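Just one chain follows, in the form predicted on its own, and it is written as structure tokens.
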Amino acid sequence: MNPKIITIDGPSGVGKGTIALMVADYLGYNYLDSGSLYRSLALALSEKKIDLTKDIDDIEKNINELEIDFKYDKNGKTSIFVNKIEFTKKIRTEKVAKMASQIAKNAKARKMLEVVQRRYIKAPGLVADGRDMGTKVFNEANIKFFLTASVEKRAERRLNQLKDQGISANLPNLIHELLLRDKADTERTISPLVPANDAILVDTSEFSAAEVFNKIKELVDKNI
């Protein structure tokens, strides 16, 4: 029997990572945070002084040399290790997010990363979160979700997340950054951020993570 696949897509700050982890833990499935793959690669390349917009050969070489592992505890906290070195905090800055966006615009780099992402399909199943999991990378997924939320609520969540990590930020700047990121994600010609035709839309603006999880859990139980 083929492993089951659940995708959870959406823009930054909708809670897709938190929900994906909760669903993966509930089902005992493997978990893929695709955004962290892009961020980890961007940071690893940046540390090697590689031009993210030009040096495709170097990008390909480094993708093949990277071993990215996700570890999460019972409290839903994820740790990311790149070649056994922890990258968790280092990749969560806005600077790294912008670098990851540069890679996301490159068709060849995306194609390379798609191969890496599909390696996470293992029994008994996979929960993958990102921006094109249901539309491109895992379009054969058994059930697809697309989370949304107001930009104000998303910025508020992001602010709290950064504060918890000891990173300073302010709400107006975060709203501005999110709007720019949304524009870039939705208007890019390669794998734009859009719901899959068969995705289930869930607005998380006024709900806690537990409430969103319970709603998605009910749908998963009926369809998996």
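If you're wondering where the values come from, they're calculated on a predicted model, not measured in any experiment. One rule holds for the numbers: they count along the sequence shown, beginning at 1.
Below, we turn to the form predicted together with 2'-deoxycytidine-5'-monophosphate (DC), even though it does not appear here.
- The candidate stretches are 166-174, 43-51, 181-189, 62-70, and the one lying within 4.5 Å of 2'-deoxycytidine-5'-monophosphate (DC) in the predicted bound form by heavy atoms is 181-189.
- Checked against 2'-deoxycytidine-5'-monophosphate (DC) in the predicted bound form, the candidates V82, M112, A100, I121 yield a single residue with a heavy atom inside 4.5 Å, and that residue is A100.
- Among heavy atoms of Y29, none comes within 4.5 Å of 2'-deoxycytidine-5'-monophosphate (DC) in the predicted bound form.
- Looking at R154, you'd find every heavy atom of it more than 4.5 angstroms from 2'-deoxycytidine-5'-monophosphate (DC) in the predicted bound form.
- The shortest heavy atom separation between A104 and 2'-deoxycytidine-5'-monophosphate (DC) in the predicted bound form is within 4.5 Å.
- The closest heavy atom approach of G35 to 2'-deoxycytidine-5'-monophosphate (DC) in the predicted bound form falls within 4.5 Å.
- Residues from 200-224 do not approach 2'-deoxycytidine-5'-monophosphate (DC) in the predicted bound form: none has a non-hydrogen atom within 4.5 Å of it.
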